[in-house]
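A single chain, nothing else alongside it, follows as structure tokens in the form predicted alone.
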């Protein structure tokens, strides 16, 4: 299933998530320079670009881990601000490069901590839900292990399960395989492909072109804090129109 590309002029009412003229500076360094992005329900967007292009900063602004310098982010047509950040993070989950698991808690405790506090579910309800999630990422047998006892790939799968524990509507992935040894990448991408096939709304910052080609509805190429090109995977990855896109793909694909 393909989704049509949405231009900045398209109404945010058609989108589950809308980013309008987003800018972010750190001191004199402007990292994001007017990003416009509309994301439809069930759409999978692969965001590609060199390190430093602004991919992580964009995701962190969407999830309010960074406060934008200017511009607007709307979720289900409601403005996102620091005043509603707690509610926002129930709806928009995030998976980080470095897992961010609590090392002193077991895998099961990592999954149940936030839902117990945020959703006010009982311990029994969340234990059942956590075990279901661990089963789907094939780690139920590791429920009582600590993160330090797991491989990097297993830790990242736990991190994905933890993000799912709050039943978010949108999932953000910030280079989820970049910290993994090459032989562990496949197991994480497999879980992400399964999520994509279920129709989940996902924005994935990634260097994995195979995932972008197979699982994304749309690919966005960021360069120097701006969207230089976007389209279907075949359009962007096989027939890029912009010189900088072609240069980037020539490097990463060894063309």
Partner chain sequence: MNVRYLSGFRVLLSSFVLALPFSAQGQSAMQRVRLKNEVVVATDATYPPFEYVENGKVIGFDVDLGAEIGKEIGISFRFQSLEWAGVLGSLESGKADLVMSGVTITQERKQKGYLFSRPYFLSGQTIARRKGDTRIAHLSDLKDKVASVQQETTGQIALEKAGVPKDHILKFDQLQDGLTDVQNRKSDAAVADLPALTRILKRSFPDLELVGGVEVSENVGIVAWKGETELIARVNKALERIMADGRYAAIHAKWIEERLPLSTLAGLEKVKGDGSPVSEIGSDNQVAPPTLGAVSSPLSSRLTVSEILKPLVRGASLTLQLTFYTLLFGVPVGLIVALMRMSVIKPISLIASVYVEIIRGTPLLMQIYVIYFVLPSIHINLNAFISGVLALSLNAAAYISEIFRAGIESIDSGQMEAAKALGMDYRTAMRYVILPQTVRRILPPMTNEAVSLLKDTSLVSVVALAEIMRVGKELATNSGEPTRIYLTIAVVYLVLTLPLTMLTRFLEQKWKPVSRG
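Positions refer to the first chain, counted from 1. Since we're looking at a predicted model, the values are computed, not measured.
One more form of this protein should be noted, the form predicted together with the partner chain, which is absent from this view; the next part is about it.
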Picking from 183-191, 206-214, 62-70, 27-35, which part of the chain touches the partner chain in the predicted bound form when contact means heavy atoms within 4.5 Å?
-> 62-70
Name the residue from 100, 74, 136, 121 that puts a heavy atom within 4.5 Å of the partner chain in the predicted bound form.
-> 100
Contact test in the predicted bound form: residue 157 vs the partner chain, heavy atoms, 4.5 Å | no
Determine whether any heavy atom of residue 94 comes within 4.5 Å of a heavy atom of the partner chain in the predicted bound form, and answer yes or no.
-> yes
Looking in the predicted bound form, any heavy atom of residue 148 within 4.5 Å of the partner chain?
-> yes
At the 4.5 Å heavy atom threshold, is residue 127 in contact with the partner chain in the predicted bound form?
-> no
Contact set, 150-164 vs the partner chain in the predicted bound form - heavy atom within 4.5 angstroms | 162, 163
